[in-house]
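Form predicted alone, single chain, as C-alpha cells, below.
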C-alpha cells in the first residue's frame, strides 16, 4: 500500500530512517520551528532551572522568532516580553528574528520564504497549519513542546490517518475558500478531522489560487486536523522560488495511498455560507440569515487577510459606500500584503468608500471589541464566545463568512447574498 503526503513527509523526517504508516509513533527531525509568545517559552525554561531562558538553540538558522500578532505592543506586559525576546535573540545568535513587525507570523513565514514544499514545521500557534497550502506539513504545538523542539530540533509524532477532500467545480469571481470550509464544518462537524491529516485535491484545488488554498489549509485546524495539505504545482513553485533559493522536495501521495475517508465536494452547488454564533460548525446558507442587521464587518486574519480577500472588497465597493452605522474594518495579514494593496490603489479606494484600513496583525481577530448588544460579520478565524472582547462580551454575536459576504453586509447594512453585488 502506498503513502499519503503526511506519511511521506514524516517518513523522510523519521529519526529511525524508515517508512511510516498511519498509527506509527515516531521521533521526527524538524525542518523549521516558528517561535512566538516568547515569555511563555522563557517560563518553560525557568521551570526547569534556566532562569535566563534557553541557554542555546538546536539550529540558529531554523528557529524563526517573530514578535507579531499585536504590534505595536498593546500593553506593558507585551512590550516587556518583546524586550526579553530582543535581548535573547541577540544572545542566542538567531539568524531569523523579526522585531515587532506588524503582521501575522504564520503568514510572514511564507512571505519570507521560510516555508518550502515537503518540509515538516511546527510552531506554538494552531494556525501554522496554513503552511500546508505550500505542500508543507505543519501543525501547532504547546509551549512545553515548543521549548523542547527549540533545544533539540526533534519532536514526537503520531502519524495521522488522512482524509481526502476532492474539490470539483469552477472558480467564481470571488474568494470561495471560506465557503468551502464552512460547508465542510456544517456538514461533517468541527471535529470530524480530529488528529487527522487532510489532503485537498481535485480540479478546483488545482485551479484555485494560493490565497484560497491558504484559507482552506489555515482552517483545517477548525475541523480538528493536524495537517491541511495541498499538492505543489507551478503556482506553488513560482511563489516559493521567488522567496528562497533553499532546496526542497515536493511531495505527492501515491496512487494507492490509503485514506480513512474520501469526501467529494461539488463547489458549484455550495454558494455563500455563514457560521452563526457561537460555533464554527453552526453553518447555514447565507439565505437563511439574510436581513440580519450588522454593526461591524471585518476582513483580515491569517484566514482571509490576503490581497485577494481585500481586492474583492475594493471591487464590490467601487461606486458604493459602506452603510451608515456599520464599521467596516480591514487588516492585511502582513506588511507585504499591505504594500501590495497600497501599490494597487486598494487602500485609498477602500478608505474613500468608508472602510477603516488597519495595521497588519491579529488585533482584528481577537482584540477588537464587539459588545454584547452588537452583531459582527467577519472573515476571521473563530466565533466562539468572548472571541472579540473577552468574557464580558460573551454574548456578542459573531458571524463568520467569506470576504465577499462580509463586504456585501457592510454595503447593505445587513447580511445579504454577496452575489447581488457581484453580477457585474
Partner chain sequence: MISGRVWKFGDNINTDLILPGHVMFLADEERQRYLFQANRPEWINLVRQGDIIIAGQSFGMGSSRPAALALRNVGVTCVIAESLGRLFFRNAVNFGLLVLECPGIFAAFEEGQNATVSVDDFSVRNDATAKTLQAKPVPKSLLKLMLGGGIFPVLERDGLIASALPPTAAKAKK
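Here the structure is a predicted model, which is why all the values come from computation and not from measurement. Residue numbers count along the first chain shown, from 1.
There is another form of the same protein, the form predicted in complex with the partner chain; it is not shown, and what comes next is about it.
- Residue contact check for residue 140: one or more of its heavy atoms lie within 4.5 Å of the partner chain in the predicted bound form.
- Taking the partner from the other structure, the partner chain in the predicted bound form has a heavy atom within 4.5 Å of a heavy atom of residue 224.
- Taking the partner from elsewhere, residue 367 is found to have a heavy atom lying within 4.5 Å of the partner chain in the predicted bound form.
- Contact annotation for residue 331: none of its heavy atoms lies within 4.5 Å of the partner chain in the predicted bound form.
- Not one of 219, 380 and 411 is positioned with any heavy atom within 4.5 Å of the partner chain in the predicted bound form.
- Taking a 4.5 Å heavy atom cutoff to the partner chain in the predicted bound form, the contact residue among 340, 194, 290, 100 is 194.
- For the options 208, 147, 180, 121, the residue carrying a heavy atom within 4.5 angstroms of the partner chain in the predicted bound form is 147.
- Heavy atoms within 4.5 Å of the partner chain in the predicted bound form map, among the stretches 302-310, 244-252, 225-233, 166-174, onto 225-233 alone.
- In the predicted bound form, not one residue of 243-275 has a heavy atom within 4.5 Å of the partner chain.
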